[in-house]
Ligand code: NAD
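Starting off, we have a lone chain in the form predicted on its own, written out as structure tokens.
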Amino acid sequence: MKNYYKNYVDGNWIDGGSGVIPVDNPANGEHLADQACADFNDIDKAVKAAKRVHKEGLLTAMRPVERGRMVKKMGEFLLQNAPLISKELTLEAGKPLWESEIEIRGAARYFEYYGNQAETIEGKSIPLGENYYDFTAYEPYGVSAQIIPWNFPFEMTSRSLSAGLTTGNSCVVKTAENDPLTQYWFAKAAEYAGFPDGSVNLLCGLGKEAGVALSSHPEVNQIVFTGSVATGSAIAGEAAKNIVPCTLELGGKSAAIVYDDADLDNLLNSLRWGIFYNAGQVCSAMSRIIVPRKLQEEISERAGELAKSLSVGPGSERKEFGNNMGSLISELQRDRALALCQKAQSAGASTVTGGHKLNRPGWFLEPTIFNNVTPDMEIAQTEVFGPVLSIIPYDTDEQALDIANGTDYGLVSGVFTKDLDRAMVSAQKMRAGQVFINEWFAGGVETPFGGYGKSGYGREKGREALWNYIQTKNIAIRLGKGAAGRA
């Protein structure tokens, strides 16, 4: 890796007006590289470059199929360079190498999926009777501002950038401060695909400076943000001043209801992915399981054995698929998760395993299982964003649903049962944007993703996400001597 990474604006690599941001390796706490830190003027240059691309029609004048091919070409470039990108991502984000490889492949898949959609975004004809012809057309907003989280920095940029470019928007991406280094690959991919300068702009900066500058910029036309409720609320407030639409994905406290006929082996496989993948730093993590009281101890014991079987350490040390877990992104995040574990223990939750940091360099937290958690405990209400599972017992189906719906969030939820009727009734009653039945993280790029309540609004992924990046224009034509003044 290089010692210093610049920002990318209007086809040029530039320094940051606010100096540099030091980037550390979460697996050992050592300094990895410096990233140019953007200020207001840097953001302004990027937005103006993107605005120029839109005003000159450099993307919208293309036939959609041609633009789609360019989007797909970006994904192909990422796949070609996946081995190197994966290693770099592991170093800056603390993930095991096999997790980084999954993330890069997932990132490339967004460009493939949305590139294929480019020529399918079609308007419709609306009948108004004789002498009238009416139709709708979809147009890009113009400048799409995309503020990226640190938990899946590469995949989340791909998710919004691919959709934005597919629909003809020019994009300004503010990368995460913790792990911004691999983002330069998107600039290389855009150049490889032939996108005009200014179509893709990538900057890293502090939220209080670059983030505010971008979300409040008067020439930004649409905003996509993934992150905390507090930051999302602030961004929405800034955007509202300019009447700019937002898509906000703000995390969750997702629960799985386990019914008494569930396949427990299958449940344990979902637990492995649901709460320990990316060290639990997943907004849709399975952070709560709501279990029948008669199965509580068996599930607790088996979940504990699973957690203890995981090897925790630097992601670059080993590559075995699935049996190791990396670090949290930073000391601050590790200590926040640790404090929530300590509060849970003080509140009366039973520690099945874990709950401590590792006595080694880096920001590691043990895979943690708490049993006998009650719905009112902080650990059952607050997003930990770490490898921490809460087991909550229930006595009736109605009580289980009340517990599942009993937080401010509503991102995803799950049901484990062999009874399809029971599963579907539960899915209808769950207050969540996505419900998994018998497999956590079922679905894929093709399935819409987004939340209820404080988990945000708008949808990412799937064809439905494209509507966040376009607006509808209606064109009504009077032909000949049609009657005037119609109702």
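Everything numeric in this text was worked out from a predicted model, so none of it was measured. Numbers for residues come from their place in the sequence shown, where the first is 1.
Although it is not shown, the form predicted together with nicotinamide-adenine-dinucleotide (NAD) is what the next lines describe.
task = Would you mind picking out the stretch of 98-106, 225-233, 267-275, 296-304 that comes within 4.5 angstroms of nicotinamide-adenine-dinucleotide (NAD) in the predicted complex, counting non-hydrogen atoms?
result = Selected range: 225-233.
query = Looking in the predicted complex, is nicotinamide-adenine-dinucleotide (NAD) within 4.5 Å of a heavy atom from each of T175, G211 and R336?
reply = The answer is yes: all three residues contact the partner (heavy atom, 4.5 Å cut-off).
request  = Flag G251 as yes or no: does it have a non-hydrogen atom within 4.5 angstroms of any non-hydrogen atom of nicotinamide-adenine-dinucleotide (NAD) in the predicted complex?
outcome  = Taking the distances in the predicted complex, the answer for G251 is yes, it comes within 4.5 Å of nicotinamide-adenine-dinucleotide (NAD).
message = Even though the partner isn't displayed, in the predicted complex is S160 close enough to nicotinamide-adenine-dinucleotide (NAD), meaning a heavy atom within 4.5 Å?
response = Heavy-atom contact with nicotinamide-adenine-dinucleotide (NAD) at 4.5 Å: absent for S160.
inquiry  = At 4.5 Å between heavy atoms, is G115 in contact with nicotinamide-adenine-dinucleotide (NAD) in the predicted complex?
reply    = Heavy-atom contact with nicotinamide-adenine-dinucleotide (NAD) at 4.5 Å: absent for G115.
query = Is S199 close enough to touch nicotinamide-adenine-dinucleotide (NAD) in the predicted complex, meaning at least one heavy atom pair within 4.5 Å?
reply = Heavy-atom contact with nicotinamide-adenine-dinucleotide (NAD) at 4.5 Å: absent for S199.
query = So which of A93, A190, C283, I369 reaches within 4.5 angstroms of nicotinamide-adenine-dinucleotide (NAD) in the predicted complex, heavy atom to heavy atom?
reply = The residue from A93, A190, C283, I369 that makes the contact is C283.
inquiry  = Only one of V143, I257, L365, I147 gets a heavy atom within 4.5 Å of nicotinamide-adenine-dinucleotide (NAD) in the predicted complex. Which one?
reply    = Checked against the cut-off, the match is I147.
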